[in-house]
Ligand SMILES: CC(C)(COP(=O)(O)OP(=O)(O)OC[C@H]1O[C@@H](n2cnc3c(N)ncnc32)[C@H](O)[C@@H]1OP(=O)(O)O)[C@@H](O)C(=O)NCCC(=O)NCCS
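For reference, the chain that follows is the form predicted on its own, supplied as structure tokens.
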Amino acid sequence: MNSGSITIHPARPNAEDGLLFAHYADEAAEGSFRILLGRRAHGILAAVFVEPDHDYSYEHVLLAEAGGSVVGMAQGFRAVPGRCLANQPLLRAAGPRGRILRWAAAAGHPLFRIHSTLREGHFYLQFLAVEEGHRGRGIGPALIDAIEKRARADGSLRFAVDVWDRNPRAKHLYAGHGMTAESYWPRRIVIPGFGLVRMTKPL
């Protein structure tokens, strides 16, 4: 897919694209992977990226290029209700840090609560990130359009994303794609702005 000078293409199952995915996934997760997995976070994510048939697989990743360089990434997949962290190669690759992942999942960390809150037919946009110097150039919208096209081709019925309530720019971006707030987590916000907004749209 080419949108002006922006080219969107599927990721390849190799180490180079795996490290790109790891970089952008951690950016989108606001550093959560580095906190949970430590200094090896990017290597762990890159290792599981090359495996098929799971949430962090290359199969679900699109990369955006501009001027010959990768400048953004989007990752989304059809939800599998009932799937949990225990099903993920990420847990195996994490080694001793897997204990921390299990603890984070049990504590309700946003990264690991996805499938328990999605229904059959939902397509979930898990990560979207654009290099800071390239923001505002239409790369984010182009990635969203490309992922949504995948969702429609997949036969999904609803497109979903979780956004921090404290991030008005992201909420505005998704609202511009016809997505509206469906629910909030936690239901009772203790600190204003520090909850997640589930935004969705029918497909």
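Since we're looking at a predicted model, the values are computed, not measured. Just count from 1 along the sequence shown to find any residue number.
Same protein, other form: the form predicted together with the ligand, not shown, and the subject of what follows.
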Candidate stretches 148-156, 45-53, 135-143, 61-69, one within 4.5 Å of the ligand in the predicted complex by heavy atom: 135-143
With the partner left out here, check for me: in the predicted complex, does some heavy atom of Arg40 sit within 4.5 Å of the ligand? no
Answer with yes or no whether Pro168 is in contact with the ligand in the predicted complex, where contact means some heavy atom within 4.5 Å. yes
So in the predicted complex, does any heavy atom of Leu90 sit within 4.5 Å of the ligand? no
Contact test in the predicted complex: Val163 vs the ligand, heavy atoms, 4.5 Å: yes
Select from 119-133 the residues with a non-hydrogen atom within 4.5 Å of the ligand in the predicted complex and write them out in sequence order. Leu128, Ala129, Val130
